[in-house]
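Below you will find one chain, with nothing else, as structure tokens; this is the form predicted alone, and questions on how it binds or moves follow later.
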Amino acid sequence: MRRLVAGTGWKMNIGAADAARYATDLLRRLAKLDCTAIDMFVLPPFTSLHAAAAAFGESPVATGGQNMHWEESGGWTGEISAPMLVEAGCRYVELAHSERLQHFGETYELVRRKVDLALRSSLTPIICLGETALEKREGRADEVLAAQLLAALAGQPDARVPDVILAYEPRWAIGTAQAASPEYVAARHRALRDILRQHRGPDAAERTRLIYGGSVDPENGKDIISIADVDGLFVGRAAWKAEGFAKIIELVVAAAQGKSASLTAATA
């Protein structure tokens, strides 16, 4: 069974002092919850990374960067490299968020170069994939997802594919009150799994984790995480307070227990 994931990206919110307070509050709320069956991460702003990593310490909650450059070093004013993220205590890095594509002109060719460096640097890339509202209306969602996925992973051997996390984030749902319906999420995640199976083989398709993000909250998250091909929840504003992220983590922990029980029953 794929290990489930609970993650949150803080975007341009929560400074260093608040990051430390957030960590203290979250760990207090998780103290009585058995989280050993899932992976958890927070993605603070760059200036809060050291504070968050120090506050979470040796706890199961990992930290990651919200972006990185495709070169290890050089004359790239204002950029952050993979070695710098590792030095700041990061284990994850988010790549290809829709805001980077829309406002900063990033392409999946650049994302591919970042994925290469992240994997070489022992960071887990969280690769965001998603269609726009227009692409959805035109019925091209799966075509768009296939193009994004194949471009981002181009050149990677099949054996490395499960070392990334694929985050399906429909661009029309980000920053709105409109999450995709469970039926729509199930169809897109199933399509992504099929794309992996067709182009990367059954092993990569079975082992690669597909998580959902896009206006997730504790109310809709329960139905979404119960979907067979959904391996985690990637949350924004609903987890910008420790209480909110704790509720998301509780949902993922419960889902991990339920999916494990179902798998055990199916193989008995």
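Being a predicted model, the structure only gives us computed values, none of them experimental. All residue numbers refer to positions in the sequence shown, first residue = 1.
Quick note: we don't show the form predicted in complex with a small molecule, though the next part is all about it.
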**Message:** I'd like to check something about residue 64: if you look in the model of the complex, is any of its heavy atoms closer than or equal to 4.5 Å to a heavy atom of the small molecule?
**Reply:** no
**Request:** Please run the contact check for residue 235 against the small molecule in the model of the complex: heavy atoms, 4.5 angstroms, yes or no?
**Result:** yes
**Message:** How about residue 216 - does it come within 4.5 Å of the small molecule in the model of the complex, if we only consider non-hydrogen atoms?
**Reply:** yes
**Message:** Please determine whether residue 21 contacts the small molecule in the model of the complex, using a 4.5 Å cut-off between heavy atoms.
**Reply:** no
**Fill in**
in the model of the complex, the residue from 89, 182, 83, 175 with a non-hydrogen atom within 4.5 Å of the small molecule is 175
**Request:** Could you check which residue among 106, 135, 116, 94 gets a heavy atom within 4.5 Å of the small molecule in the model of the complex?
**Result:** 94
**Partner-facing stretch of 208-216, 26-34, 45-53, 64-72, counted where any non-hydrogen atom is within 4.5 angstroms of the small molecule in the model of the complex** = 208-216
